[in-house]
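The chain that follows stands alone, in the form predicted on its own, written as structure tokens.
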Amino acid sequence: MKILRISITIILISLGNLLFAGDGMWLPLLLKALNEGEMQSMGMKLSAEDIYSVNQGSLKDAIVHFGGFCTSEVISDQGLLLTNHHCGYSQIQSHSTLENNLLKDGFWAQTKEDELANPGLFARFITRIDDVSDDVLKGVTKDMDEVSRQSMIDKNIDSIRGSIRLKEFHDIIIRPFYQGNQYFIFYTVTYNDVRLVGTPPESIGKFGADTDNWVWPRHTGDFALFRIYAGPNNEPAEYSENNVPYKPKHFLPISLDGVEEGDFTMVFGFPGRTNQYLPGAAVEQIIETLNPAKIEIRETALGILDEKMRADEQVRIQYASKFARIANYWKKWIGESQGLVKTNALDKKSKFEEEFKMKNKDNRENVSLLPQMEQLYKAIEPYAFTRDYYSEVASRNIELLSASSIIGRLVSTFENNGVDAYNRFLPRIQGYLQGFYKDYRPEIDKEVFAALTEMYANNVNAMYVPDQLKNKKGAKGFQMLADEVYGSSSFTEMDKMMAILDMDPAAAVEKIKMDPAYKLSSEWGSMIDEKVNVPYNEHKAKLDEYQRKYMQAIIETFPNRRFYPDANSTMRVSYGQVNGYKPKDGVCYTPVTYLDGVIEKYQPGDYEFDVHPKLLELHEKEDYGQYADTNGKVPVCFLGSNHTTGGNSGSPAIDAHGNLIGLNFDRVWEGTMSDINYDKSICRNIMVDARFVLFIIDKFAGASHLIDEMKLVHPKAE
């Protein structure tokens, strides 16, 4: 089997043939071969070794996978972590009550003893990355079918894992790259004692809330502080009062010099998922079929939640995190579809595919890939549409059905594995339900249920609609169904559900199976599994095979071009510059916003645009300390052309010298299609200016003891 690799000879090609600077999420261990020269030509003063090194402390040693879903960075020699407010939102919410509302009022630990523990939250470092393609693909041949191929790969990965001796809290992660044509191993160490140190109030950390989400100009101080604690010898340990602050191999100094248009920027983190190499047929399906359906469903659910949250402060606290989660991708999909159209993504795909076919005119196997994929995308579309619709309605937006599905795992555990397995699994279900009911309002969920089940029945092919949803007469029929299910289900009340789980396993399972919410969830899910997921997975497996072959063919067809691997939640570096952009005719956005803009947006009493009295006072007095720029204004956010996606939330924005200049937290709405089609003209990431973070900590919160931990520098003055 010929193993695909990105050849080091690529560095010899001229910059004129390279991708636009900003495009790409690059593996840090390959920067010297692929990117170092270009990065330095853009102004970077570091070497690739300064960014990624195994033998000495480097930037990678300050970069943390925060809880497995965001990025954070170490900013002091005492393990102080900086990440986004929205990344720590669930932890902040978990410590909030009506009487002590950390979301509304903020929180600043005055001593380390005041810092708040967060069970389940972890901080993971990458200690080393290696290419293990030879070992993983050993024995894999070109004529293997996909099942045999994957079986061989799995066997090889198990062998690699079995050959490596690991200490406690250390692990390895082996991931495929380039659609499974190459494999890398990541050595990790995980710290499980991570405590909340400080958070601004929502009026700063979530300023603009959902209205400003994905939007420029932005004025959100989206940051929070945590701290890593370690056991003896600085090693990981479970939470203990005896643990001490972690001593990092490297932490990021913070620049007080700020940014100017054209400055070099580097974003270092753990981007989640991109699909840059999809064929045009897939992109067209996203634009025309899949995104519109998901957008409409979430828009309906959000309308109901928004009304309830605005009417009741307790509801707003309970549903704040849920609303943000639902709204985030709703708005992202809208911008993604519009951006794909605006940047002529389908035309670009078509031109690239024509060039690919022309260069492969004598290669029948490669030429046949695109028409075969197009045919498969047509075949999979009805299943993909129904699958997305079901997922959005029953799994993501109707909480009762989502909980029923999880409770159903307890039933299947009992029926398939017996009483002992049931009893082992039961505490996990009980723990999940305690969290679920803490922020659950059945009367709100019932409204969502009635609205979304009606949408499902009206928009999905009748053969994929469960019997209980058929033959309902308009909205009244679905409201009656909601009244029936929610009025008789034990799943809507914590006490009733916990009482069932206290019963003998056999009796509990029988009781659960009789519940109307479980019956609907089970019938609906089983039908989707049988009629939708089975054919969908068959088509998807074939598409994955063709996508892998297409990826290999692309790289072989264009040997003088660089191709970065799609994001897959592994450590990556992206680099670009501070740049504004022109979203449409007659509109030009500059790359920096200021505290003045916060005041301009101020709407007293509005939960999205209210401003804290202390911040108003600081602005009125121009009490900015050392955090104002040369014009005497406090910068809040800035734009860069760095290629980012979900998972990059909390990633550090690093200057040419290796100092922290900002904190990545969002992308502009017009450029959210960068997951599929990065276009430098409008793809911009949004970052909180580090000086605003320091200003809030010091002047607003009075937490100067945290500033004293940090190393503040003036690299432009050196």
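One-based numbering along the sequence shown. These numbers were taken from a predicted model, which means no experiment stands behind them.
One more form of this protein, predicted in complex with a small molecule, exists but is not displayed; see below.
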Per contact check vs the small molecule in the predicted complex (non-hydrogen atom within 4.5 angstroms), the hit among 137 to 145, 613 to 621, 503 to 511, 209 to 217 is 209 to 217
Heavy atom within 4.5 Å of the small molecule in the predicted complex - residue from I157, A324, L290, A237
A324
Looking at N328, N192, S569, N360, which has any heavy atom no more than 4.5 Å from the small molecule in the predicted complex?
N328
Heavy atoms within 4.5 Å of the small molecule in the predicted complex: does F665 have any?
yes
Just checking whether H86 would be counted as a contact of the small molecule in the predicted complex - the rule being heavy atoms within 4.5 angstroms.
yes
